[in-house]
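First comes one chain, alone, set out as structure tokens in the form predicted on its own.
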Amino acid sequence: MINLETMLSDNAKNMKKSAIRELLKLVARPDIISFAGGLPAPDTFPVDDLRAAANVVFDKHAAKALQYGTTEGDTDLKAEVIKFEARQGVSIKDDNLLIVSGSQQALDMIPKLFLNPGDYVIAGRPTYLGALNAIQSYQGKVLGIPFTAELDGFDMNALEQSYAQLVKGGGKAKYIYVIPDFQNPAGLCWSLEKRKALLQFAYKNGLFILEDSPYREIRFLGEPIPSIYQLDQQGENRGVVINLKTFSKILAPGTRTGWIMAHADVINKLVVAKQAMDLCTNVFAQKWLAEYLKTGKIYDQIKKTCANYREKRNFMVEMLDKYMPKRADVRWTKPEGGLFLWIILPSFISTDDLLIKAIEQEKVAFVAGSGFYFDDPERNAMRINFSYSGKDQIEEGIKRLARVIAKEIQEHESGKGGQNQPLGV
């Protein structure tokens, strides 16, 4: 066997396994309650309606659905996506739209298009692990920016200072990566003021903004805030925002279909990048989704999903209030949408170590917060998912989680604990 390591490209050597995907293998046992995955609730999937749409495809469009398609995307699906966005106040044309194989493909295409080795992406601390993995795969680096205490977006002073230092030191940033609506992992939502401020920062410094919006429609509390893509459209319309969407969270992950909205020049370049990846997104899935969207049932589907997640989110917060240690340094976010919340623990607790104990001692799993940082990770936080589990599992899982955290605190205070770690978000 050839020594594989000597043959790998520099890009391949920078690729890392997804910590979450590896964890999901570990916690697949039925005796473990897992809050680790970012899984939508299966009972939200409109099985009968999707089956009916698939039957229409086989009855009327089988020849086209089973053939190769265009890289840009199926014309019927693109037309339906344009209508879907129009209902939300976003005006796009066909040449502003590219259909992709899930938004994760788009997250891989963007650094492929923009990054040279050593280039930087500006992103939050913490931020989505899948975006970090994609950036690292193309030898990119991340300039991490903290969020404000109010969790309403970047600390803009820290952004200005960090960016100035980067430029002064000869570094080059290409784009800013953000998830303004119910961010993965922390569940935070950017304020309108912070969205506007970030757009002005991008204008001033000649940077693109990659706005990842998988959860935007999954708002179950509060009022919608315009996306950064919308703000650019409604304002100076410079075309600096690239917006990513997916059917995974608003319909079903198994569709494996998403879309990119951007300036036509950006879309043209992304089409070329995609041609080298997969030629075209699954044509049958596109035809299937187009037929489903034509029924108009997606809007009621989103409402039902939001109602489901609102109930589960509220119940999980209630259980955290009930069972977690009553300390000022044990706290959690209370998201208005999305799938996740973020628990912050005392600075002396490492959730990397706690995860092993939680699985072994209490058979409960979460995602350790350190995986959501490019470098210098903060280790006393965790991400937990509220969308997938039922109420019984949520209550029992939070009980177990609270027990292992309380035990860790007790051991530390009795002198048996580990070393201090920096405080999370």
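The first residue of the shown sequence is 1; numbering continues from there. Please read these numbers as outputs of a predicted model, since none were measured by experiment.
This protein has a second form, the form predicted together with a small molecule, left out of what is shown; the following refers to that one.
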{"item": "Partner-proximal stretch of 289-297, 158-166, 175-183, 328-336 relative to the small molecule in the predicted bound form, 4.5 angstroms, heavy atom", "value": "175-183"}
{"item": "Non-hydrogen atom contact Tyr128 with the small molecule in the predicted bound form at 4.5 angstroms", "value": "yes"}
{"item": "Close approach of Ile344 to the small molecule in the predicted bound form, 4.5 Å, heavy atom", "value": "no"}
{"item": "4.5 Å heavy atom contact, Ser248 to the small molecule in the predicted bound form", "value": "yes"}
{"item": "Partner contact for Arg256 in the predicted bound form: the small molecule, 4.5 angstroms, heavy atom", "value": "yes"}
{"item": "The single option of Tyr229, Phe154, Tyr215, Tyr309 touching the small molecule in the predicted bound form, heavy atom within 4.5 Å", "value": "Tyr215"}
{"item": "Contact residue in the predicted bound form, chosen from Gln233, Ser350, Thr71, Gln104 - any heavy atom within 4.5 Å of the small molecule", "value": "Gln104"}
